[in-house]
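Here's a solo chain for you in structure tokens, the form predicted on its own.
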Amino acid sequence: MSATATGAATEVTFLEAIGRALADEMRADDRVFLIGEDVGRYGGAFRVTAGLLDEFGPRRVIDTPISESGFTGAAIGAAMMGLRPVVEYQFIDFIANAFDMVVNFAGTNRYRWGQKVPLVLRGPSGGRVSGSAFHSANPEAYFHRAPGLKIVYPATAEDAYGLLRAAIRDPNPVLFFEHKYLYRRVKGTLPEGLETLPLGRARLARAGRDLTVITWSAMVHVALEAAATLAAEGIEIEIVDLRTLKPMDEAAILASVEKTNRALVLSEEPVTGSVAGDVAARIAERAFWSLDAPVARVGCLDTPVPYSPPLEDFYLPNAAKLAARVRELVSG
């Protein structure tokens, strides 16, 4: 495994980076296989797995019936027998149908009797595409408190590639969320030789002095947009991209907050019961004496995601909302 890349770089979209990570890991390890609805002939609901059936055949790219609990359970069994399955949900919302298999079975196996479950559960998440309540979920908080699970939520093409390959090689079940708004909008470069990036290590997306924004996935780009606006006003925010929610890089969070003395957690999830609330609590508990203002959160309303584009815009965080809250914190 290598976290260092050398050689020529290739530009890819966020979506292409994920597809390439799957293909490269399947070439490197014949225990890796894909399973889910339409991952084979159709190439996945968003075409992430296009072409993989032709290269690897139906024994390693397996189309399933519409039964999330069924094919998730089959993948868990295969992982327990030494294979390395990667499950795709057409939309990550439907992982809820497999909640029992993921939380009560896969997540607890290693604790209960030492059985490794090298399993990746991945799929498109997030809003801003008028997907409404059944196709716009950010379900990280449901699984954040469940023991035995790891959660990865990348914001860049390079991270999507390196973290997915690391997730496939991990001996534990990993939930890998892919924000669909980023699929074809975000591009990055994959240096030749890049294999994995370490799970559990945050990335400093932007250095600043006045306030720390802790965030992940598509909200990293919202934070960067707000940062450009605020910089013109003389306010410099630091942006910490968690990349992996579990395990969480608490040291990186605290180091940044101790530098800037203010903290805001930005996330695309309802505020109540959110991962953002856990991050805020850790800061309040462990960095209280460094704070010059209360820890703040900017998130979604406690409602289902609206279908109407204007209502969805009102529901979701954006750069203007973030910038307004930052101004309040730095002026107080």
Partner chain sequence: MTTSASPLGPLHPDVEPRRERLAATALPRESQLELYRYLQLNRRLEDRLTNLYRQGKVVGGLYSSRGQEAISVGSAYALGPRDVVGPLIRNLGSLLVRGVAPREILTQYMARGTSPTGGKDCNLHFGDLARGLVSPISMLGALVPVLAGVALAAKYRGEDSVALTYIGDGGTSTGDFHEGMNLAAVLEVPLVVVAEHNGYAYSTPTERQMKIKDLAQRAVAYGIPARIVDGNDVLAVYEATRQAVSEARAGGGPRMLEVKTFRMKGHAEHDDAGYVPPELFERWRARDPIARFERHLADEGLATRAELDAILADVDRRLDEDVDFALASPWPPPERALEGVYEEGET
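Numbering follows the first chain given and starts at 1. Note that the coordinates shown come from a computational prediction; the quantities given were computed from them, not determined experimentally.
What comes next is about the form predicted together with its partner chain, which is not displayed.
Contact at Asp93, Asn97 and Leu311 by its partner chain in the predicted bound form, all three, heavy atom at most 4.5 Å:
The answer is yes: all three residues contact the partner (heavy atom, 4.5 Å cut-off).
Do Ala281 and its partner chain come within 4.5 Å of each other in the predicted bound form, heavy atoms counted?
Taking the distances in the predicted bound form, the answer for Ala281 is no, it never comes within 4.5 Å of its partner chain.
Do Phe288 and its partner chain share at least one heavy atom pair within 4.5 Å in the predicted bound form?
Output for Phe288 is no: heavy atoms all beyond 4.5 Å of its partner chain.
Check whether Ala28 has any heavy atom within 4.5 Å of a heavy atom of its partner chain in the predicted bound form, and answer yes or no.
Ala28: no contact with its partner chain in the predicted bound form.
Given that the partner is absent here, does Ala45 sit within 4.5 Å of its partner chain in the predicted bound form, heavy atoms only?
Heavy-atom contact with its partner chain at 4.5 Å: present for Ala45.
Interface stretch in the predicted bound form with its partner chain - options 260-268, 273-281, 288-296, 303-311, non-hydrogen atom within 4.5 Å
Stretch with heavy atoms near the partner: 303-311.
Listed residue that, although its partner chain is not shown, lies within 4.5 Å of it in the predicted bound form (heavy atoms), from His135, His221, Arg122, Arg128
Answer to the contact question: His135.
Residues of stretch 188-216 in contact with its partner chain in the predicted bound form (4.5 Å, non-hydrogen atom)
Contacting residues: none.
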